[in-house]
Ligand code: F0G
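Presented as structure tokens, the chain that follows is alone, the form predicted alone.
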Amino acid sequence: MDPIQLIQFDTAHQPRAYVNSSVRFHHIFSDADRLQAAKKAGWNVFQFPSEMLLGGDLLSDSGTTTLTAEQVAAMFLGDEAYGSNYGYFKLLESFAEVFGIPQEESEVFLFHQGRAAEHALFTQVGKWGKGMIIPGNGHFDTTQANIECNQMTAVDLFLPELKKSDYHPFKGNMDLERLEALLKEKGDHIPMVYLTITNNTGGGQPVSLENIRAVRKLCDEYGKPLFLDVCRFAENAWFIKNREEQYKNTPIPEIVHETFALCDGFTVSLKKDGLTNMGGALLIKRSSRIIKEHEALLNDLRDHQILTEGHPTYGGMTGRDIMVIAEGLRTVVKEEYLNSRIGQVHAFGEYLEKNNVPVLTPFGGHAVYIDVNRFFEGTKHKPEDFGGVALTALLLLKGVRLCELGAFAFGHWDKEQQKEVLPSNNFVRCAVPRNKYEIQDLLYVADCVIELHKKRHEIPRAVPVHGRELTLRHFKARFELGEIK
């Protein structure tokens, strides 16, 4: 008998890549308790108390990671010195190792989170002239806000395939034809091109290395620096390995290095693929044309960092945070982690799809996106009824929290025309925290969405009663639920 031969079979289920080292029990609340809290919050998911949720807090994957035992151990080595703490140098080593950019070839600016890094970058870029344009494959809400608050325009160049149901392995790609046309027509007003991997606004879809390389080529032809938003760089590398034929035998760390070799610099929220609860960074290569053309940039960024975040070696973070990031970056590029993480997201999405909930496919790495317009097909709902907001509001009563990223979050109120200006995409995002939930938690969320999809004709509209005209309104608005007209 060969014991190995006896176990040569496939199983219907696979074990997780990790085990629980601690657990926290949910607090007990009634439906009436949640209803009262939801009304008090103005049916705004951002204002709803998290303690009332039941293992279904999919509002964001940012900063919601459950730490590994190794990261918790690293916290004890955190050095809380004001200047040049021990962890700072360890973090620079991790940056060089994981991103493949030698320390002597880069300037690193640490921040407490990614949007602070974006704010620093675009505050400086915004000083270089009026009427500037930042083209990208899909700017996220706070990225767009950071660009626009500095009197620049964020232009999204989504692929047309993003709106189609046909399979495309890289729906997050930049539309190269539109990018080149914009560079030809408005090149004098474009200080940089900004490419997000994966494309969060575009349904969490990945970007191919072929596309990144083509964007780099256009940037070189038109003399523009290429910056990346790399919050989910490791997840994007997994998709390259699994969907780009020439990289199927390439290790994830090598794909990551090849990706970062193509950019002039990047911003990153380390609260995603840094596997941590706090942290962000801006890195600029010293060889970048942006430094040659704007000699004062590095000093101005350093001044901004000191004024807003403190000493450059802690950048608004504790020494414990820094040690956690240094360890997390080494974990996130491990293939067994990525297989488990992305496999869980896909199993969640496939369950929803199998039960007729209209979702964006193929699935991305960090979230499943519900197509709101298709969700309400055949009902009286119109996009300006904000059905996505109403859906997320009702789910609060089941202890589930999702995020509307569509007609309300990315639209705006035109005061002159007295009407809503709607965005090209209308999603509700189910963002899965890293290492936090088991599949049964996600299937509970899915079951709640499935049941509401069956009752979609009865779902009310969400009526903004405060904040409709505000910037970043989805964080601040209040709603009432009303009958469909």
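Residues carry their position along the shown sequence, with the first being 1. The structure displayed is predicted, hence computed values, not measured ones.
Just so it is clear, the following notes concern the form predicted in complex with the named molecule, a form of the same protein that is not shown.
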(Q) Just to be sure I understand the contacts: of 381, 285, 304, 115, which is the one whose heavy atoms reach within 4.5 angstroms of the named molecule in the predicted bound form? (A) 115
Q. So which of 171, 119, 232, 401 reaches within 4.5 angstroms of the named molecule in the predicted bound form, heavy atom to heavy atom?
A. 232
(Q) Checking a candidate spot here: are 140, 200 and 271 all in contact with the named molecule in the predicted bound form (at least one heavy atom each within 4.5 Å)? (A) yes
Q. So, in the predicted bound form, is residue 429 in contact with the named molecule at a 4.5 angstroms heavy atom limit?
A. yes
Q: Check whether residue 276 has any heavy atom within 4.5 Å of a heavy atom of the named molecule in the predicted bound form, and answer yes or no.
A: no
Q.
Contact with the named molecule in the predicted bound form for residue 60, defined as at least one heavy atom pair within 4.5 Å: yes or no?
A. yes
Q) Just to confirm, residue 392 within 4.5 Å of the named molecule in the predicted bound form by heavy atoms? A) no
Q: Within 4.5 Å of the named molecule in the predicted bound form, counting heavy atoms only, one of 47-55, 61-69, 443-451, 31-39 shows up; tell me which.
A: 61-69
